[in-house]
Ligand SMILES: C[S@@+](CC[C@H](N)C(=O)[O-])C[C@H]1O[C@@H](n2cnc3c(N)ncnc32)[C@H](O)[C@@H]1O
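Only one chain is included here, represented as structure tokens and corresponding to the form predicted alone.
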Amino acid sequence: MNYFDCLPPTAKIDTIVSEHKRLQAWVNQKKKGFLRYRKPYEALSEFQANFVDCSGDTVLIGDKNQLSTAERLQVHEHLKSFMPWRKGPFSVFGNTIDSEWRSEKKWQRVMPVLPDLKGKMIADIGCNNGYYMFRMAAHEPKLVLGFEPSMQHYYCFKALNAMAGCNNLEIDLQGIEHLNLFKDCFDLVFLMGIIYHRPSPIDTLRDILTGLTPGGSLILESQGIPGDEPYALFPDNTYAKVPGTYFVPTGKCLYNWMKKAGFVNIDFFCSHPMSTEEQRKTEWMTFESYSDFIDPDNPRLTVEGYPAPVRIFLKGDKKE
């Protein structure tokens, strides 16, 4: 599927196509860093699933009995090339991928406010390996376009979808800064776990507003700090050991950012503390995880001494 065919006339098609071609030429260079992820993608593309189910908590791609034991082992080894797996769970030809995040829990929190996705144009900004895109695919959207500048995540999604064959899902090596090219394009935008990595969050939200169709919606999920006041933490270096963290807001602060950016009908629909039940080490993500980010003597603090994180969910609309 050529996703350019799905873009409305208002999108800057020539500019988008030019940028897409430039990025594709870049990633297809014979460079060692790219080959690390392109080679397993190419190998996994040889396996075509005869069964795909994106409707449950685990995204199922292929049946265990479709492949021989040797083939399943090959798939397993190629999938390991994309470690660490941050989002999931997936089951690929019977290979169960227990990711760091139990992403189905986040999806369950979003479901009650999810609009009808059938026939809709959707953007998933910072889509990672595409777990949420596959979950959206079960709702029959016209197209879900993932914006993902990470080579690892880009090729991981490409590998999964090469096997799954979902023709209403696509990914491009673009970031949120490219969203203003897609003026009045998307009925729904997902921004999950991204905004606290942006140095100018209100400008980011305004770019999203540009990309939405009139009446379109943003579903926004963010790391935050507890509190009822409109504050944001600006950490010295890292927050919960994560570099590149700028503003960590309260729910009220995030609500105000959306309001000042121009969103209407803003709904602060969920907030919950983070825990090791939802984010943890697994055999598919063997590095530090949530328990390593929190003060062992006081679970209300990060290792840096900041308030321990909560997750915040809001939904807002663009004026019609």
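These figures come from a predicted structure and were not determined experimentally. One rule holds for the numbers: they count along the sequence shown, beginning at 1.
Not on display, but discussed next: the form predicted in complex with the named molecule.
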item	value
Residue contact check: Y196 to the named molecule in the predicted complex, 4.5 Å heavy atom	yes
In the predicted complex, S217 touching the named molecule (heavy atom, 4.5 Å)	no
Heavy atom of P149 within 4.5 Å of the named molecule in the predicted complex	yes
K106: touches the named molecule in the predicted complex, heavy atom cutoff 4.5 angstroms	yes
Stretch from 67-75, 185-193, 159-167, 113-121 whose residues place a heavy atom within 4.5 Å of the named molecule in the predicted complex	185-193
Single option in L205, I176, M136, V92 placed near the named molecule in the predicted complex, where near means a heavy atom within 4.5 Å	I176
Selected contact from I125, V248, I171, I97, since only one has a non-hydrogen atom within 4.5 angstroms of the named molecule in the predicted complex	I125
Complete contact of K241, K281 and Y290 with the named molecule in the predicted complex (any heavy atom, 4.5 Å)	no
Members of 50-84 lying within 4.5 angstroms of the named molecule, judged by heavy atom, in the predicted complex	none
